[in-house]
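Shown next as structure tokens: one chain only, the form predicted on its own.
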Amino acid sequence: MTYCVGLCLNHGMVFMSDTRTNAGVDNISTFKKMSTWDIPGERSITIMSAGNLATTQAVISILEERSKEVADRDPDILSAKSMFQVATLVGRTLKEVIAANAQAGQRADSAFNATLLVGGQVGDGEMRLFLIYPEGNFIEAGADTPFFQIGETKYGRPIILRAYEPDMSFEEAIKLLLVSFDSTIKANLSVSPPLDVHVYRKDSLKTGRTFRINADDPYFQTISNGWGVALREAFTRLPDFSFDDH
């Protein structure tokens, strides 16, 4: 399983993904699930993936190859004129890879399924974030839904919903996402550090700060331990239930 989050802020976007993949309890590996492309001053694009590893790696490899070979651009993500065109191209590529695998091998289409998050900015267009489904279609984040998750979403979602503010700083957003990831990691063994992070600043049109947070990172440990203590303290401050009132 996987957990990836793309978060839109007033002044930029924060992307975070875990790196664990597994095909059973005795077959656990670490793979990068976040990829970035940019032409400084022109565009910055980030893609995160969840689902069948062979499918997602094939999609990323095709996009990467097309971005290098001019003759294969039709267009590619580095020549598409808008983020909508980027999302359309990525969705079409994902659909083609899934269809090709399903026809060549297993008949269970779900075995090859994957979902992608695509975010970034092209030229003078707005920052945009898309959730792309295995069928190749997609939806876009907006004011009512300013973030998307893929993979194991249920454990970390309530935390983001309760604490997210569009004008929060990048540092606050990373803290919020680390709490969300910590809750997911503690509830599901299929999600695990290291965690990859990309911070994109609005209108910079280039890849921003990218870094990896390991399980033994001191700040991550502080967040993990502090969140547990804070939850217990908040619980004790809530009024006790009384049978006499019911």
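Please read these numbers as outputs of a predicted model, since none were measured by experiment. Sequential numbering from 1, following the sequence displayed.
Not on display, but discussed next: the form predicted together with another copy of the chain.
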Listed range touching another copy of the chain, judged in the predicted complex by heavy atoms within 4.5 Å, from 111-119, 89-97, 124-132, 158-166: 158-166
Touches another copy of the chain in the predicted complex: Thr222 (any heavy atom, 4.5 Å): yes
Another copy of the chain contact in the predicted complex: Asp144, any heavy atom under 4.5 Å: no
Exercise: Phe31 in contact with another copy of the chain in the predicted complex, heavy atom 4.5 Å: no
4.5 Å heavy atom contact, Glu172 to another copy of the chain in the predicted complex: yes
In the predicted complex: members of 77-98 within 4.5 Å of another copy of the chain, any heavy atom: none
